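To begin, one chain is listed below as structure tokens, in the form predicted on its own.
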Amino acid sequence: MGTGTRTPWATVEAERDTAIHTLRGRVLEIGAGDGANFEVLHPSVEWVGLEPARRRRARLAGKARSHGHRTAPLEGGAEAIPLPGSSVDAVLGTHVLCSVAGPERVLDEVARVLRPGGRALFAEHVVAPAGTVTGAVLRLARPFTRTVDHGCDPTRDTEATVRASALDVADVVRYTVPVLGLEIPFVLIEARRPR
């Protein structure tokens, strides 16, 4: 597993996909986007998707059907998940917490919809250490990424936000991915709703 040392992106992807494949039961994928995770979800999963963008949701619905998922994606943002409390076994978010308007509210909602003991899995790029070239570049890039990349904020300390939430952090794997001469921090976080 990654340790925060330089890790090729292919290794990060493989470890992320392995973690996603372990999810079971009724799985809510927040910010499901274009359905990139369908290929790695376990075939037994009862998938429920949540996607706020209407055009992406239409494409996602077709891809979901082609992967055997009968439920159409839900409309809305993860700040107000349109599901009852304690209704899913797991929540999956990949590259989502960087772009939601209120990550604390999203994590409150994730905790609410998870069954007691349910798992949350997040794969996210996170804030670079203070005083680093990567950190300076990402701070400069932030206005641009917020505008053109679905609201992405590359300066969020997502690990700290998850730790401060109602979820119990079970495991964090930290990576440093070399991208265009920068060292991009990336985390794979597994958390659980307390029983």
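Here the structure is a predicted model, which means the values were calculated and not measured. Each residue number is its position in the shown sequence, starting from 1.
The discussion below concerns the form predicted together with a small molecule, not included here.
Heavy atoms of E79 reach within 4.5 Å of the small molecule in the predicted bound form, making it an interface residue. Within this chain, V127 is remote from the site of the small molecule in the predicted bound form, having no heavy atom within 4.5 Å. Taking non-hydrogen atoms only, V100 approaches the small molecule to within 4.5 angstroms in the predicted bound form.
In the predicted bound form, the small molecule sits within 4.5 Å of a heavy atom belonging to A53. With the partner removed from view, the residue among A36, V133, A170, A164 that has a non-hydrogen atom within 4.5 Å of the small molecule in the predicted bound form turns out to be A36. A heavy atom within 4.5 Å of the small molecule in the predicted bound form is found for one listed residue only; from L107, V113, V96, L121, this is V96.
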